[in-house]
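Okay, so here's just one chain, in structure tokens, the form predicted alone.
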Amino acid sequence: MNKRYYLIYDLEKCIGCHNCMLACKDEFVDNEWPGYTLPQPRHGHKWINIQRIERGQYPHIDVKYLARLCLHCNNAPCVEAAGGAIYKRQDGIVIIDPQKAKGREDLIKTCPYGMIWWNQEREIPQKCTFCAHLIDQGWGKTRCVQACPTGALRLEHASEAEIERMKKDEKLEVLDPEHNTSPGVYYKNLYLYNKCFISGSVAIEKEGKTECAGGARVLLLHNQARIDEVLTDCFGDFRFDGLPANSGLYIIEIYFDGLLKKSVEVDLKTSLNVGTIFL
């Protein structure tokens, strides 16, 4: 049974420490790995690029991070266009041949994800190698995976059947599926990047005082159908996540002490904080 390497990245666990990027720099800047790659430039290149994502409005703001790198695609457009200057190994790792690719600046545009970089000094295109030189020495982790303090990154050596089970069990997704390249990098909790949330707080007036309405039952309806239900926490806060942008009108129904107390209509364009709803 053939196995290939996959990288799994969990948005929920990433804290944006950039250890992965620094470990990549440590491994490749000023270091040549013959047959794999020439040294990475000290400045400019980000073979693993951590982007910051913000959703929502004050005071309910969600900040997450998204790692972008070569996806080591099974159907890699760069391999098809390179005429042998870029090749895919049997273990799924895509390598740019540092000799055959010399002078081929055109190869940068062949990656639909924009993750091939041009080394002006060496006159070669470069990218993430999945630390193939280390894997070939028996390493079980790439440098970025080794350096990740939260376990947001992990390397899997898996068969197609095994990765299909992981995709189902962990709800793994790929970036930009419209490119149809069969990537070797999967993302967990990707909704934190490409979907929206509706959040808010519930408060109740009681004996002349305003108190947090903890334990209130909050329903979310869309197109007259109930799509989610949560209980407010001890601060009266609630949140519905994973909603498509520009998806139209939603109704929030709030039940307290078993009775419908309030109904609020919102038009969702992007992540939205409805503020405090008073009962």
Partner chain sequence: MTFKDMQFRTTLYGLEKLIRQKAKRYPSYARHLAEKNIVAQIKLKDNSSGRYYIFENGKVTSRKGVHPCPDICMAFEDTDIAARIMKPNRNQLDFINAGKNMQITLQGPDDLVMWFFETLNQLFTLGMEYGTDMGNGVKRYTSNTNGGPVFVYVKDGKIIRITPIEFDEKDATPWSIKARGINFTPPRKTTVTPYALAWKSMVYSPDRLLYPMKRVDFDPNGNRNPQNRGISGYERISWDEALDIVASEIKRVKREYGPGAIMNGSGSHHTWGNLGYWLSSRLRFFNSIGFTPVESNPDSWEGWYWGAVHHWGHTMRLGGAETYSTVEDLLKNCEMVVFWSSDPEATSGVYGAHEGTIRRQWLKELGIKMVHIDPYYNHTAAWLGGKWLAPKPGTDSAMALAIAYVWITENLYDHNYVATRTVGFEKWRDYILGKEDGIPKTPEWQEKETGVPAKDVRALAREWGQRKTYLAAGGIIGFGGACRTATGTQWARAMVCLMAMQGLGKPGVNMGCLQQGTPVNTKFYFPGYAEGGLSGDLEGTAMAANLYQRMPQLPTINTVYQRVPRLKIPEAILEGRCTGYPKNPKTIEGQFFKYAYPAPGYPKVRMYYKYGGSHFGTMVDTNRYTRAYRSEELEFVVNQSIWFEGEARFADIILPACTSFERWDIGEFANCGGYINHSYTQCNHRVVVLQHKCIEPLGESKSDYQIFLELAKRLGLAIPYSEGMTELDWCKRMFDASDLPKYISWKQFLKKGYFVVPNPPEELRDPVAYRWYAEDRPKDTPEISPLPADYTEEYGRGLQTQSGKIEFECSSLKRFDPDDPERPVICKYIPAWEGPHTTELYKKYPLQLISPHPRYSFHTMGDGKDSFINEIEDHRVLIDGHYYWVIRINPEDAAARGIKNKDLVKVFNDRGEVICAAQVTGRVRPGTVHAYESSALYEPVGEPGNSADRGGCINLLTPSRMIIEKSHGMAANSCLVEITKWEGGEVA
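Positions refer to the first chain, counted from 1. In this text the structure is predicted, and so the values were computed from the model without any measurement.
Keep in mind the form predicted in complex with the partner chain is missing from the figure; the text below concerns it.
Not displayed here, the partner chain is kept clear of E253 by more than 4.5 Å at the level of heavy atoms in the predicted complex. G44 belongs to the set of residues with a heavy atom inside 4.5 Å of the partner chain in the predicted complex. Using a 4.5 Å cutoff between non-hydrogen atoms, N75 does not count as a contact of the partner chain in the predicted complex. Remark: Q120 does not count among the residues lining the partner chain in the predicted complex, judged by a heavy atom distance of 4.5 Å or less. A single residue from the set H222, R68, R217, K64 has any heavy atom within 4.5 angstroms of the partner chain in the predicted complex; that residue is K64.
Screening K88, R143, H179, K100 for any heavy atom within 4.5 Å of the partner chain in the predicted complex leaves a single hit, R143. Contact with the partner chain in the predicted complex, defined as a heavy atom within 4.5 Å, is made by none of E229, K262 and V264. Judged by heavy atoms within 4.5 Å of the partner chain in the predicted complex, the contact stretch among the candidates 77-85, 179-187, 200-208, 105-113 is 200-208.
In the predicted complex, the partner chain lies within 4.5 angstroms of at least one heavy atom of each of the following residues of 137-160: W139, K141, R143, Q146, A147, C148, P149, T150, in sequence order.
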